[in-house]
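First comes one chain, alone, set out as structure tokens in the form predicted alone.
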Amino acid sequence: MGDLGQSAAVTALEPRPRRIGVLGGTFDPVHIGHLRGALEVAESLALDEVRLTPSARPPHRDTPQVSALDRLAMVECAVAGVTPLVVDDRELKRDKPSYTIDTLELMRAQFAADDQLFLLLGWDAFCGLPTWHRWEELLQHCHILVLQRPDADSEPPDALRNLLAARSVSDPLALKGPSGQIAFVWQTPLAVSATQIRQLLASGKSVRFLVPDAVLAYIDAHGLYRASN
């Protein structure tokens, strides 16, 4: 009995693998769609944290309208005090395009081997994976969670069909190990986009309740996205 008791005590002291979500984007600006989606996933999958990772020079997007420092500051304002959302600024420190595979490799090197990494992607981004740099290697470092809204009815490209057949799991809570699988997570539809917010601001209209109050205060204080910019 003594040995059993000691074994149980050792097991209890062993840290469980951490569960870490990664949500990248230009966040130009960060809005309630980003934040609500990240929070829903964190709660439904019991993630320890979700890292919002602003990109510096996104390879597949137009150059962000405002500076990297302003976008980072807005994300920091948005997640302040909101557990488990945190900011990861590593992509803004790299003087080259923001390739997701590079970010995942760096993160994986910093975490324990059995920690689980979950890359959060919207449906459109997921369908565009075959155009990403070294996209076939992503699942070596993470699981992929596809955030799919109920109104998303398009089909994935042919390049992803075999991958889905081999790697998809119907229940996101059943993802095993540190990486290698794909699951779909249904999201509450929020019809809001950064493009819409920029257009409203440029025309002098209010974006209140589309972005957190702290982000709106930052935008107003720095005169971002106004027609004169």
Ligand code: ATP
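The first residue of the sequence shown is number 1, and the count goes up from there. What you see is a predicted model, and the numbers here were worked out from it, not measured in a lab.
Quick note: we don't show the form predicted together with adenosine-5'-triphosphate, though the next part is all about it.
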### Query
Ok, S193, S44, Q199, S168: which has a heavy atom sitting within 4.5 Å of adenosine-5'-triphosphate in the predicted complex?
S193
### Message
Looking at C77, A125, L117, V87 here, can you tell me which has any non-hydrogen atom within 4.5 angstroms of adenosine-5'-triphosphate in the predicted complex?
### Response
A125
### Query
Applying a 4.5 Å heavy atom distance criterion, does P212 contact adenosine-5'-triphosphate in the predicted complex?
no
### Message
Can you tell me whether R134 touches adenosine-5'-triphosphate? I mean in the predicted complex, with a 4.5 angstroms heavy atom cut-off.
### Response
no
### Query
Is there a heavy atom of R94 lying 4.5 Å or less from a heavy atom of adenosine-5'-triphosphate in the predicted complex?
no
### Task
May I ask you to check whether R51 falls inside a 4.5 Å heavy atom distance of adenosine-5'-triphosphate in the predicted complex?
no
### Query
Which among 199 to 207, 156 to 164, 182 to 190, 169 to 177 is in contact with adenosine-5'-triphosphate in the predicted complex, heavy atoms within 4.5 angstroms?
182 to 190
